[in-house]
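In the form predicted alone, a lone chain appears below as structure tokens.
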């Protein structure tokens, strides 16, 4: 189950100037050790992607965008397409709850962005998860099912292994309340997501997909999530702006992987 590399993603959101981003990346270089079984990904602002692509050690860090436009080129003033980013990033965060909530991104738009990523050789990190209201009304599984199946509707079984799924319950994200989620509840949702993928693509293809947890993950609670059998990594928000905290998360991931390999 855990032959997949653990994926730890730093989503810097709309924070920091280019200079501040460069400084944070430099501090991360100093404090985060490279581990073969852990993949560390930084998702800075669009402005910082180009300079960071020249500054980071690509053997230790990879880059992701936080978004992109689903059409490769054209008269979409102010937009950045995945075709423009294909030489800069390995990953792109797609359908983050802040995109769905603040920018009214629909499941179909997210479907087109996932397809655009794959078309341009970028691995989408597809974010799915329910709001507090949807959870209270008992709609969690239906919401996750719909978000997942629509977003993947143009993804072939051959391309599925390039997709990463991040389950991030909206009510657990710092921006939207930041209530701590119980790892046991997350375990059940991971099992449900894996079952949905199996229904769509079969057990072998579904088993290769990395599932991340996102939702106020930091260096105090990361171990509880990463210890879950189906958890292949974390999508880290505000804690990734603090390089000490983020280095702590990577260290926890390494220790958990090492203890597994010793078993």
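Numbering follows the first chain given and starts at 1. Only a predicted model underlies this, so the values are computations on that prediction, with no experimental measurement involved.
There is also a form predicted together with phosphoenolpyruvate; it is not shown, and the following applies to it.
The chain is drawn here without phosphoenolpyruvate; in the model of the complex, the stretch among 165-173, 189-197, 137-145, 115-123 whose residues come within 4.5 Å of it by any heavy atom is 165-173. Phosphoenolpyruvate in the model of the complex comes within 4.5 Å of no heavy atom belonging to residue 68. Taking non-hydrogen atoms only, residue 43 never approaches phosphoenolpyruvate to within 4.5 angstroms in the model of the complex. For the chain shown alone, residue 21 is not a contact residue for phosphoenolpyruvate in the model of the complex, no non-hydrogen atom being within 4.5 angstroms.
Residue contact check for residue 48: none of its heavy atoms lie within 4.5 Å of phosphoenolpyruvate in the model of the complex. Counting a residue when any of its non-hydrogen atoms is within 4.5 Å of phosphoenolpyruvate in the model of the complex, the one hit in 82-111 is 96.
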